[in-house]
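Okay, here we've got a single chain as structure tokens, the form predicted on its own, with questions on binding and movement later.
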């Protein structure tokens, strides 16, 4: 193996443990690069015990002192960006530009955490003569984040900086498919001066997820993954009286109008569907082609066919994922859809055992087909035809998901109509990946999110803190009133 066996990070050190494990693969080559431990109750209990000891001192620091760690940590991320991006590429398969972009987004998330002293301020008001009401925010306690394989660095940073800067102690359970980045995050946080026990990493699979949801000392859980698992995590965590924010899957619709700028629309849509091999919850997966848009589709086909797997697009995460995605394509083709660009059966020289799929475009897909309804999570775009924008919105609104939607048009009226009527938490106009930048929060609707609030930006402050309301009266002249 290229890397030594992965270890849990507990109490400021990597813990030696004799645990069963799983192989970790480089998806671009199909070879084993490490092994990850499958932790259980004992390992989580150890992490929680350490966090419980660390919490009083950490939460007792003023927030201005806590965020100093993230000023230093942000600089370390920037200094080590080449190494961190290479880790992402190795364990996830992203091409270098995508891996670097992921680390840059982690840096941006840290910058927001550094601004929390100016944002997460309390409130005070003299509510009647001599009587003052004040609201102050306090950390929740010991919290946990369960993160997916598709963004080994960025998605953990959706939660880590804000949760810790706001005074919590954080336990990360990364995907067992991409465990390398988590260990490096732990090392750099320690180098930045974060006290032992404030951040810890416990690896594992289903058992450790269930244990996190059940543990009585863990007060809040954030989750990012499939909708099926998000529902399970949300129900189990909240059934144990925890607060939980669980982000699920997506089926993002891009509505293309006849007046759309051909080059802008075509390049944006292909970049959206193929970026990160389509393995992101913001990927374009359904293009709703309104009326006469064949000229845009023709240009999309040209761009997709020119892409080179291994250079312009990385592999999907596993052999199982490749087979599943190929199955969706075959089923749609058998049901009468037309495959305009076929990414199956591609080979990359020197990496013949990698899990590569090329960009795939499928036209004349019916809205009721499985490939138009379910999250494929690969570089596959289906095209559904619609006579007008109202019919296109009906297709979008019928989806059970609600992560993102976009419209390509030169009409302000049409754009406003889509923005108002799309059933999605994030909407774009002439933007293929409408991800809000900090300080605006990330979060979808419907079956793309379970829980209240958003996972990043201002929306996350409420999730990671609890408010304490204080009323004081020092002036005897205030007399006796209903506040007494």
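All values derive from a computational prediction rather than experimental measurement. Residue numbers count along the first chain shown, from 1.
There is another form of the same protein, the form predicted in complex with a small molecule; it is not shown, and what comes next is about it.
Notebook entry, point to check: If contact means any heavy atom within 4.5 Å, which of 286-294, 380-388, 206-214, 406-414 contacts the small molecule in the model of the complex?
Noted result: Selected range: 206-214.
Item checked: the small molecule: the contacting residue among 281, 144, 277, 237 in the model of the complex [heavy atom, 4.5 Å] -> Looking at the other structure, the residue within range turns out to be 281.
Next item on the list: State the residue from 247, 257, 300, 160 whose non-hydrogen atoms include one within 4.5 Å of the small molecule in the model of the complex.
Entry: Here the answer is residue option 247.
Note to self: With a cut-off of 4.5 Å between heavy atoms, is residue 70 one of the residues that contacts the small molecule in the model of the complex?
What the structure shows: Output for residue 70 is no: heavy atoms all beyond 4.5 Å of the small molecule.
Margin query: Contact with the small molecule in the model of the complex for residue 148, defined as at least one heavy atom pair within 4.5 Å: yes or no?
Written below: The answer is yes: residue 148 has a heavy atom within 4.5 Å of the small molecule.
Checklist line | Contact of residue 175 with the small molecule in the model of the complex (heavy atom, 4.5 Å) | finding: Yes - in the model of the complex, heavy atoms of residue 175 and the small molecule come within 4.5 Å of each other.
Check: Does residue 335 reach the small molecule in the model of the complex, with heavy atoms at most 4.5 Å apart?
Finding: Residue 335 lies outside the contact set for the small molecule.
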